[in-house]
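A single chain, nothing else alongside it, follows as structure tokens in the form predicted alone.
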Amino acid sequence: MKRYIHPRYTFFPLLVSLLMVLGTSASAQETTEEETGPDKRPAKPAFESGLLFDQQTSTIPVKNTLEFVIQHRFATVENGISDLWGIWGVSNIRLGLNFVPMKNLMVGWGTTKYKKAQDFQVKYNILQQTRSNTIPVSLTLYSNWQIDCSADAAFGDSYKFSNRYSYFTELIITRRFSNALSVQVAPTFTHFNAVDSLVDHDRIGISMGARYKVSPQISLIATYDLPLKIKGITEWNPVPDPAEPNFCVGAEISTSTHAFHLWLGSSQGILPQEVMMTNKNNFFDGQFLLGLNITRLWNF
């Protein structure tokens, strides 16, 4: 049976398109007649932090910056007051350290409660948007490698250490339309070496995100992660229990050294391969949870 994306999942791309139109107008208003030539300096970062809820952004701090990251996801709100709308339920948390050894390159490590996972990541700015828009977008490559540190028994009789590996890669395309509005879109690829029965090893997806600043420190953010079903790489047709899209909406409070995110979203998985491959919560059926991120920067 062919599965179609429910129409209710299409509103977020429409929202992004509307914001892009508004942003183009705002950007045009910022252009002044005093400009005598194209300004080829990189535009200001499109986002305040390297994270946009569950997503990565094109933002990489300056060279020799150390970043500490706390990412926390409570349980879903479905049980109501019995577990205080997920706050007393089973939660997930990730602690991470990122370092910028050279301009436009970030490397990092993290540990996550779910699967006792250890992850190693790298992010590199290939191309940066210029202030004059001679280069209209930024291009950023992000990739990570996760090691599932669950007990050996979780991998069955044919256990190999490589069964613990999973990978995620994306190309982040970002545009800063104005001081207020930034938008990004990213085609993604996920691979798990070992999966549960009747689940694909590979998944192509697309992630979208938008931020609108309402004050110098406060922004409104929405993101959408959509796992795609592509017949050419599907091992099962149809997939018996496909992953659900991940929708998040909330706010960011930022300073020069901190960023704090608070939002409602559907995925309790934190690493992007978990978001794209294992999320079973449907935001619009009331299966959402409270999430928060905290980042802290030190420059050496």
Partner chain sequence: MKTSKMLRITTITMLMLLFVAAGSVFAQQKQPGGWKANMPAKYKTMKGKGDVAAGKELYIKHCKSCHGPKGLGDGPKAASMKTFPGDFSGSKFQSYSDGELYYITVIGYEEMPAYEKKVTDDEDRWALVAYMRSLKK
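A quick note: this is a predicted structure, and the numbers were derived from the prediction, not measured. Residue numbers count along the first chain shown, from 1.
One more form of this protein should be noted, the form predicted together with the partner chain, which is absent from this view; the next part is about it.
Interface residue among Thr111, Asn179, Asn193, Ser150, judged by heavy atoms within 4.5 Å of the partner chain in the predicted bound form: Asn179. The partner is absent here; in the predicted bound form, the one residue of His72, Arg131, Lys116, His201 having a heavy atom within 4.5 Å of the partner chain is Arg131. Proximity of Thr234 to the partner chain in the predicted bound form falls outside the 4.5 Å heavy atom cutoff. Taking the partner from elsewhere, Lys44 is found to have a heavy atom lying within 4.5 Å of the partner chain in the predicted bound form. Heavy atoms of Asp54 never reach within 4.5 Å of the partner chain in the predicted bound form, leaving it off the interface.
Using a 4.5 Å cutoff between non-hydrogen atoms, Gln217 counts as a contact of the partner chain in the predicted bound form.
Across the options 133-141, 84-92, 208-216, 182-190, residues that bring heavy atoms within 4.5 Å of the partner chain in the predicted bound form belong to 208-216. Taking the partner chain as positioned in the predicted bound form, the residues of 266-300 that bring a heavy atom within 4.5 Å of it are, in sequence order, Asn299, Phe300.
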